[in-house]
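First, one chain by itself: the form predicted on its own, in structure tokens.
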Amino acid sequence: MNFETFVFYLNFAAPLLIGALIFLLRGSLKLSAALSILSVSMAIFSTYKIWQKISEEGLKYLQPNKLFYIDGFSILMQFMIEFVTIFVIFFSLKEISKLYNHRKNQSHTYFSILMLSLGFMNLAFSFDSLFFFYIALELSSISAVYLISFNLDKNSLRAGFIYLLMVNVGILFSLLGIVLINYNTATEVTISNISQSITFLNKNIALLCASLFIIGFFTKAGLMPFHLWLPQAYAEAPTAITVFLAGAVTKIGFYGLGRTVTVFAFNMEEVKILVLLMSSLSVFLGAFLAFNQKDIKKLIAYCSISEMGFIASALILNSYAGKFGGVFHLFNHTLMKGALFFSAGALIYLHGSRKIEEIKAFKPKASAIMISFFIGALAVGGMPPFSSFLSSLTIIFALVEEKFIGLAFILALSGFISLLALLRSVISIFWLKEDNLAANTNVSLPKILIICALFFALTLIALGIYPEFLHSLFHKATLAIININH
């Protein structure tokens, strides 16, 4: 095995092997976290070297053997979840020590499962075969159940069970879609040949396969009407894991959508219309339901569902601008939810409650957390100068260009509704002036929690001012999606 091949396998092998090592060593919280950071760092190095090879040699994709297929879309997804995981590890160190101290002796299992989940996702982003992609997707989904249920109380166990039931049943539909294509084409369907494979399907079978993929990947992403697992899982999981779910786990659903459903939509207008209708449902109802939430994490969760409708509606469009806007917003969604959930996690760390009414009963202590939450809220609303303003505007213009003016209006309106819901909470928590407010708690906020929240918030500003920094990455990811459609 030469060095180049070794580096390629390191992308998913490092998290999988070190994850197993962490479990076997049964070390302390800090040792498990340190090994996890080493693992993710190795994965980032591997992803960077693959990106460097594709960029420098002008390749559309890298296929070291028939089993694997790596292109710009794969690399974007891997970079995104790897960087999210780094911050999840740092946040987990403090969160477990205080809020989950009764589970501290199981921290090695926590970090082990976290690394295994990352490894399975990177493996899924590397496979060419849709069947092997499904297996890796299934393994990553099962791994997440333990992380959601880490607290082992009644509510977290119920959230984990609902996630396990809904997501695993949901993605079984995508497996049925794969089987149907394989059976009707008498060949194994892969990412590299799916556009050719579906030309051999009659229209009814093709529509059925597309519908099965939509159900499977919409469920994994947590889009309506298959979203029921998401608010509960986001709320009951440790906040670090909530960020991992929002910034990494659900993203694999969009990866599957971009690899399969977009190909059907390119050939059949009916598929595009169906996805746009379902996306508009997520966009509007997600924003509308956010207004009724008393739990700060559930409030952000419903706003997240709305934002993910933006992404799905953009990726399904046939234009370059639409897909570029979807890819850009996919990245921005991770930044927005990182800023909001890490800020919420810091408030929960201070006050020990997710209830907005209970949080606002204390005078806020951390102005940096207020800033990061406020930035995240404005970014959800698509306000300038944040990068989400650019991606939202690109998506709206792409929808108008393809004559979906009504949907463009719904997207703009829903973004405004989500902004109002979040700003109402910001004002209630940080700026409410009443005589009966309790004094500050004696709990000090660790700097690493502030750094985690501010990093995502400030990145939203940095990319809004200078989007060219990651333009090449988004451009190649967009071309990768378009490439498999033809």
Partner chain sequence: MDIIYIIFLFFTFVAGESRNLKFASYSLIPQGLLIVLSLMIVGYVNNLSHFYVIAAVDLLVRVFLMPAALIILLRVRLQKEEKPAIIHPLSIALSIVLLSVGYKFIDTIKIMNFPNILSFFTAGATAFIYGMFLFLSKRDMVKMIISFFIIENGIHLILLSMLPKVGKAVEFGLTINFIVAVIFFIYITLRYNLLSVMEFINKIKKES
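Just so we're clear, the structure is a prediction, and the values are computed from it rather than from any experiment. Residue numbers count along the first chain shown, from 1.
Separately, the form predicted together with its partner chain exists; it is not shown, and the next lines address it.
- Screening 273, 413, 169, 400 for any heavy atom within 4.5 Å of its partner chain in the predicted bound form leaves a single hit, 169.
- A heavy atom within 4.5 Å of its partner chain in the predicted bound form is found for one listed residue only; from 93, 383, 205, 285, this is 205.
- Its partner chain is not drawn, but in the predicted bound form it has a heavy atom within 4.5 Å of residue 134.
- In the predicted bound form, no heavy atom of residue 104 sits within 4.5 Å of its partner chain.
- Although the partner is absent from this view, residue 153 contacts its partner chain in the predicted bound form, with a non-hydrogen atom inside 4.5 angstroms.
- Although the partner is absent from this view, residue 393 stays clear of its partner chain in the predicted bound form, with no non-hydrogen atom inside 4.5 angstroms.
- Partner contact region in the predicted bound form: 140-148, out of 348-356, 140-148, 383-391, 229-237, criterion any non-hydrogen atom within 4.5 Å of its partner chain.
- Along 148-177, residues 149, 152, 153, 154, 157, 158, 160, 161, 164, 165, 166, 168, 169, 172, 173, 175, 176 each place a heavy atom within 4.5 Å of its partner chain in the predicted bound form.
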